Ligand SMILES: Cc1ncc(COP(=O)(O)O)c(C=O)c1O
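The chain below stands alone and is given in C-alpha cells; this is the form predicted alone.
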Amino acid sequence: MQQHGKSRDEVFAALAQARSGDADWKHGRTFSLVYFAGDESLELIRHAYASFIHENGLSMDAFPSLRQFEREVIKNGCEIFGGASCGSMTSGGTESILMAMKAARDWARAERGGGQTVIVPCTAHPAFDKAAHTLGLRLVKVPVGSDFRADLVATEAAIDSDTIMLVGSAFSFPHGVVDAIPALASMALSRGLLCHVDACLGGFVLAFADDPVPFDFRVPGVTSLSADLHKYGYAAKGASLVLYRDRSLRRHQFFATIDWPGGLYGSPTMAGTRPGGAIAAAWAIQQYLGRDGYVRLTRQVLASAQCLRDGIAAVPGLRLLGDARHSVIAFTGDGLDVFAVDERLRRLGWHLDRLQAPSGVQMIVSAAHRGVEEAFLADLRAVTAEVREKGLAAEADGAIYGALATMPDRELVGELVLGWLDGHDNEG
C-alpha cells in the first residue's frame, strides 16, 4: 500500500482504466454474469444501494428500514412462487442452496434421527457440491436423459433409507431445461422426503412467462425453492431468496449461540454482516417494476432468445442442445470444433460460457440483448463458416478447456482447477 492517499479524481481514473478491459455487458456483448434491465433500472438500484451502503442487515433492531424491505421482498417472493409461507434473503444462489441443504440436514436429524443423502441430477449447479462438502452431506448424482432432464427412473432407484431430499432445476444452468418437478415432488412426497427446486436462474422468468410451467409451491411436495433476485429479478448483486412451504422447515436453517460473552447471537443465514444496500436495492427494483414490468421484461427476453435460437439452428455446422424454450441457449458443433467458434467470437468481443459432456457453448439471454441479435448472428455465421470450411481447431484457452473436459483423470483436472485459482492471488 502506498504511503499517501491519492486524490478522488486519481482513484476514479484508475477505476475507469481497470474496467476498460472487462466484458462489455451494457451493450449486450456478454451472455451471462450480468442481468441489465436498462439505464433507468440501473440508476434506481445504484441510488438505493448507495443510500443504504453502510446499513447492516445483521441488526434489524438498529435498522428497521431493512427489516421492512426484506419482509416485503420475501412476501413478494412467497406470492410470486405460489404460496410459500416464509423465507430469507441471502447473498446469492450459492448461499440460498447452502441454506436449503442445511435446513434439510438439520430437519433430518431432528425429525428422522439422521440421514445425509441428497439426490440431484448431474446438471444441478455446483453449489450443491459445495454445500454437501461444507455440511458433511452425501450428494448422489443421477444421469439426465437425451433431453438433458433428470432421469426419473435413475432418481427413484437411487433413493434409500439415508435419503433426505430430492432436487430438480427450473431451469438448469447448462441447457436451460426444466426438470420434471411434479414427478420429482410426487416421488419425494410419497416417501416422506423433502424436495428442493433450484430456480436460482429461471425462477423469475418462469413466474412471469406467458406459458406457465409447473415448478414452484403450486406443485404438491415442493418444500423449498431458491430464486436469485440479482438475476432476472434485476436487483443489485448479491441478493437471492430461499423460500419454504412451512416455517418449521425454515427454523432448521437458523443458527444461534447463547454463551458468547459478546451477547446472544442469532443469524438466519451464513453471513453475519449483510449489506443493507443489496436488501434496499432488491426492494426498490420490485417497487419500480411491479408485476407489469417483470412481464414486459420477460416477454422481451424470451423474444430475443427465440430469435437467437432460430438463427443458431439455421447455421450449418451447429446444433442446439436440448429443447429449452426460455432464456438459455446451448449449442454444439456438428462436425466442427465448437470451441474454435467460441474463440473467434471472443476475439470479436462476445462472451459466452463453455460446456462439457458434451462439449458446447451456452448463452444466457437478458434484456440487454434486445437489438443485438442480428449483429451476433452475423458474426456467428461468419466465424462458423470459417471454422467449417478451413477445418480449424481451437488454439489457445479453448483448446485447453476442450482437453481438460475430456481428460479421464478427473481428480487431476480438479487439482489443475485449484492450482489455477491459487495462481490468481497475485502472490499476495
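Numbers for residues come from their place in the sequence shown, where the first is 1. Everything numeric in this text was worked out from a predicted model, so none of it was measured.
The same protein also has a form predicted together with the ligand, omitted here; what follows describes it.
Only one of 197-205, 101-109, 270-278, 138-146 lies within 4.5 Å of the ligand in the predicted bound form by heavy atoms, and it is 197-205.
Shown here without its partner, the chain carries 94, 97 and 230, all of which come within 4.5 Å of the ligand in the predicted bound form through at least one heavy atom. By the criterion of a heavy atom within 4.5 Å, residue 252 is excluded from the residues contacting the ligand in the predicted bound form. Proximity of residue 350 to the ligand in the predicted bound form falls outside the 4.5 Å heavy atom cutoff.
None of the heavy atoms of residue 217 is located within 4.5 Å of the ligand in the predicted bound form. Taking the partner from the other structure, the ligand in the predicted bound form has no heavy atom within 4.5 Å of any heavy atom of residue 344.
Of the residues 125, 309, 245, 175, just one reaches the ligand in the predicted bound form with a heavy atom at 4.5 Å or closer; this is 125.
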